Each structure stands twice: as C-alpha cells, then as structure tokens.
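Single chain ahead, by itself, as structure tokens, in the form predicted alone.
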Amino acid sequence: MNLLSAHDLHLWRGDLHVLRGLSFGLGAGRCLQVTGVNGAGKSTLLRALAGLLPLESGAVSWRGLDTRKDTFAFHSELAWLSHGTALKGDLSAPENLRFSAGLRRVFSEADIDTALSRVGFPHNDGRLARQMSAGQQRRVALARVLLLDCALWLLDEPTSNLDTRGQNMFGEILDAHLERGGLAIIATHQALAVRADRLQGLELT
C-alpha cells in the first residue's frame, strides 16, 4: 500500500516544462532515489512534493488524502532537508537544533545529545555553525531530521560534503528509518546503502 502517491504532476519554470506528467507511489519502509542530469528537476520535484512550489496540475496524496486539503497534518509528518543546511551561523549545534526543531517538536537535552551522537557530532562542541566545516554543518542538519522524528523524509543531496565515514553514517540512519517503516525520497547521484528490496529509482530527463 502506498502512503505517498504522486499523480500526473506538471510544473513549469518560466518556459521550461520541468515535471511532465510524473506519477509514482511509495510505501512504508521504502526509499525513492531521484537521479538526473543537472537541471532535470530533482530539487524542483522535492519542493513540489513538500508543497513549497505550486503544481500546474496533478496532485500529491499522503495517507490517501490530497496534501493540499490539510497542509498542517502533512507537514507534521514531513522532514525536509534542502541542498543547504539552513543553520544559523551565530548559534552552536545544540542551539541550532533547539531553535529549528524546537519550533515543531518537544524534546529533551538528552534527545539533542542522542541525535548529535548518531550523526557523529560531539554534543559538547561549542563552535558556532559559521566556524564548522561544510561536512560538520551537514551532520548537524541531519541531526535536525532525526530530532523531527517524521515518517517521511525529503532530502536533497544529503551526503554532500560528507567524508566516507559520514556517508556510511547516513546509510545507517537511513536504513534504521526504513526499518521502522519510514519513507524517504532522496535526490542524489551517490549509491545509497540500503537493501535492494527497499529501494526504488526515478530518473528525471
């Protein structure tokens, strides 16, 4: 049974017809890997699924309901990570998590420590985000995804700037998310370390 379904999606960016009648479905415990050349519409698709870009036609359904009918309910189960990290430069890792994830969820300091530990970032590291490397910022952004504790992940190049250890870490947290029945749609050209029976592919041209 599909929890998320896209039906005949069409979206234009100026004169460019980016999404052309795209349809797919995704069930619990499944990951959709979106690939395609630069400019094919990978980020556009993720933004449209999240409701950040309006569709010319078509619909996105979550748990059998059009996501536009109850945007709040849909977004309460959605964790979104764009190509950027959306961290505030003058806040530390824990402060960033308290600020951003705290707008949507109630959690403890122990939850923050656990999330940072899972992504391999020292919870007592007092550096500000602007003092971190790009890979360290990406780890903190992934910790935010974990803290939100959502069923559906929409992730745009989540392993960018991560070293080999970081990429392996991401594979572990993604596999754990799918094991619990979560869903993920990920735009990336890198191989995803998940079981073949949990992985679907979608190439945009």
Partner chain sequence: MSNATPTAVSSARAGWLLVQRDLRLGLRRPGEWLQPLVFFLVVTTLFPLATDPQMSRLRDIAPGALWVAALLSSLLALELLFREDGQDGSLEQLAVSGLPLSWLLLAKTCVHWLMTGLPLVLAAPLVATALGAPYAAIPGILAALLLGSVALSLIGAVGAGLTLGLRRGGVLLALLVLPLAVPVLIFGARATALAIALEPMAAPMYLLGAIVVLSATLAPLAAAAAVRISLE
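Quick caveat, the model's predicted, so the values are computed rather than measured. Numbering follows the first chain given and starts at 1.
There is another form of this protein, the form predicted together with the partner chain, and it is not shown here; the text below is about that form.
Contact check at 4.5 Å (heavy atoms) against the partner chain in the predicted bound form: all three of Leu91, Arg98 and Leu128 pass. Residue in contact with the partner chain in the predicted bound form (any heavy atom within 4.5 Å), chosen from Ser117, Ser76, Ser133, Asn124: Ser76. At least one heavy atom of Arg144 is located within 4.5 Å of the partner chain in the predicted bound form. Although the partner is absent here, Arg180 sits close enough that one of its heavy atoms falls within 4.5 Å of the partner chain in the predicted bound form. Using a 4.5 Å cutoff between non-hydrogen atoms, Ala86 counts as a contact of the partner chain in the predicted bound form.
Within this chain, Arg20 is remote from the site of the partner chain in the predicted bound form, having no heavy atom within 4.5 Å.
Looking at 47-64, the residues that come within 4.5 Å of the partner chain in the predicted bound form, counting any heavy atom, are Arg47, Ala50, Leu52, Leu53, Pro54.
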